[in-house]
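Heads up, the chain shows up twice below as structure tokens, two forms, tagged structure 1 and structure 2.
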Structure 1
Amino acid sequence: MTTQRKAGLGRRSTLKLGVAGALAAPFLSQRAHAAGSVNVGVILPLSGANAQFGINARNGIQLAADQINAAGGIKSLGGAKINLIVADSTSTPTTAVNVAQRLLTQNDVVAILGAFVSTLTIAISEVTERRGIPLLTMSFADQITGRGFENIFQVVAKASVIGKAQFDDTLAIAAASGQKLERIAIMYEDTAYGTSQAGGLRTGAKNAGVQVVMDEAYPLGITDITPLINKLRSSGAQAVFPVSYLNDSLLIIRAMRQQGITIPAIGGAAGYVIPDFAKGLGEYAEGVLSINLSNYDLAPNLTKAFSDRFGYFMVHEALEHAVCMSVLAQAIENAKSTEPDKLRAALHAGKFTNGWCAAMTGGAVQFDSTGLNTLSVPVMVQWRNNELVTVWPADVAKAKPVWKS
């Protein structure tokens, strides 16, 4: 404590400062981390409404890190081990920035991975950008790579691209089965995720000259979905594109069945591509299509380690966070250093093909100057027997799509 050494303070105030120092001790730097290890910060929502996704993501990162360490760590740094520092962002951006600041100051992390929710990721990026520390993410709101930041790296496509793919792929799948879509419905939660992806859907429909007969946002955590489904029923749409998390996705599909609405529902990832979707809907899940950012069946040899260890299939956020971890390790390997400047240069320069990168579409990860992975293409998946099968685009598909109009 430097304050204690200042002259001219009485015995009592010195004592007071001493007490304050003791109280503040946990907030001061704990630089004494194990020699020969690389600290990597992991910030995820581990409590609150998004906890489930945060925990899935943490599992993915943990798996990737354990594999890297078991294979001998970072070889160009003499076999240094990856040491994960995990912190709970909660659902509050203020807290997310607090923990980011903490990991940077106290744990000397070389990079941060996270934070699933776009608004949390954007908040954290304001700190990492000013400190020049790389932030690797699978959040995909358009602003993330749209602000000209140099230290952000996004391993998946942007929301507007995903939304457009959700529409374009559907149009193509329907056409391949002989149906020409003319009228569609869009419904989305009024969050950053919902609104930006709905924007992509709208663009896709506009470009294709397809009429959007219903375009409705609804409040997150809606307790009664019926008004929405009533509107859908009277809209005359031939297909519906819901963009929502699990709770709403179950409500939407069930309410559609109740009212005898049989038009295809093409989900917007999130709630439509997790095991609980099939668990909650049973037979009604069968055949539901959804866009996805990646899928575990594209690299079964890699993702099996996840299902063996955690007991459920490797959901996309776990997979993509594992990719973040893997990309970071390869960049450190290439940079032969954890210096922020060298690390950033290595991340921008490389085409990463090893480890988990092979599980991404394109089989690799490569960032452009904005930090966007240019090789990532969204895929269309379909529920078959409680598994997600990639059905589009044709060059990566594992099976032919089934379209019921």
Structure 2
Amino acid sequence: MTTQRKAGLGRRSTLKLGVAGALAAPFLSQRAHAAGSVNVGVILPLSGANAQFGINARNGIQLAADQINAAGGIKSLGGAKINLIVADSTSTPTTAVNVAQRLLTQNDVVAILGAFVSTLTIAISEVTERRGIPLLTMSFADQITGRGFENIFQVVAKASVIGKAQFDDTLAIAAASGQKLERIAIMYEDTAYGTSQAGGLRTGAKNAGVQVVMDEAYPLGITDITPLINKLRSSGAQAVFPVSYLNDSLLIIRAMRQQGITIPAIGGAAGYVIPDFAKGLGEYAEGVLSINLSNYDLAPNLTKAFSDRFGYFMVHEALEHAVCMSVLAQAIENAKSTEPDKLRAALHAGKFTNGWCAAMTGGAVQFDSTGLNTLSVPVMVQWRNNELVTVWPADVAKAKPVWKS
């Protein structure tokens, strides 16, 4: 059964919004501020090119909120329940800004969670910063926590760190298999996410003395992949590092394999680590590696609830958005208040270890003065028989990586 059919959350289906909301996409729900509830805004791309990521993320938030409510709600506020008010940003920053403005104007929300895509999150954060409302995100781009904002909280490592780990872990995996990497190719979409992560890849290669023989940006939503594949073929690279969302990832890997380019491909998370990747590529997905910020097999006691409910493994954006919800609830509990200044102080002051925070690679979440989680550690995963398996580093790996030079 497909992800969308079993979850009942396909792009064409009506959005099921818990605990008490109902939305008219792409904008906002009814105001719905029931007594004894805490309104939390959720802004995600539920339509457009990145809709599946938004649906996955919403599922993770909904699961976490339902679990919090079932356990008694926010106890320091007399058992107040989490009420999600969900809005569709679509996949464009301009719409995301408009949605954020309307959500904050029309609804009494204590914080916002979202928006997966870094360019959307950056746009929304301009609105939340002006309003003094906390925004919790698992978007990657360095710019998110690099502007001196006081109300942004990034639960994962930033993209340049992820990119460097993507390279460093690959170097170690190749060495363990007996191959010395000397020449690599980088191809990345020209977005905040892509450019930041490519920068980390370059840093890793420079530090290791590895030559980058291809370094190519391309527009998001590229339709003609031929020039990139031709450059890759003639580059002499021993491995390629593509950084892209789903549609582009499918084009890149399919074109490589169909044209006989068999060098290892190491994805940049995003499009490389969701079920749709394996579904879209079939046998071509087998053995593809990717960096990731979390993986369902590292916390099966928690993530099984997601697969039982939605019918597919808990992808990283679902898990990390569940972490955002969990952190926010713990901060409200600690602050004993939803007043923005107190909530902001609680987010900066705490080390969050309960709930979904335990599923993160660092076992907890702790923000520095910029709002970046300092405990997030990337891991390497690999597609094996339609499952995404953690393969590096060795101390957390569930299987040994397969490297085919």
Partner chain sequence: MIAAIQALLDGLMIGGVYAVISIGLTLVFGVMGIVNFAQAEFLMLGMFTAYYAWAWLGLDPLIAAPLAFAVVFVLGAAVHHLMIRRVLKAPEVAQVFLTVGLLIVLENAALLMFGSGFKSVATSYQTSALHLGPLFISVPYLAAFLMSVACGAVLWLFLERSWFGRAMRATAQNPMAAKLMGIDSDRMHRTAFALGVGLTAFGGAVILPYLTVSPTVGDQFVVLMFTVVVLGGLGSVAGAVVGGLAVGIIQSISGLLFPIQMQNLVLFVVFIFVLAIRPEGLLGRAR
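As the structure is a prediction and not an experimental result, all values here were calculated from the model. Rigid core (definition): largest C-alpha set, two forms, superposition within 1.5 Å. Sequence positions of structure 1, starting at 1, serve as the residue numbers.
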With both forms of the chain shown on their own, indicate which is the form predicted in complex with its partner chain. 1
So that I can tell if Gly148 moves, could you say whether its C-alpha shifts by at least 2 Å between structure 1 and structure 2 after the core superposition? no
Rigid core fit then Thr223 CA moved by 2 Å or more between structure 1 and structure 2: yes
Does Asp308 show a Cα shift reaching 2 Å between structure 1 and structure 2 after rigid-core superposition? no
Per-residue C-alpha deviation between structure 1 and structure 2 [Gly280; rigid core superposition; Å]: 2.4
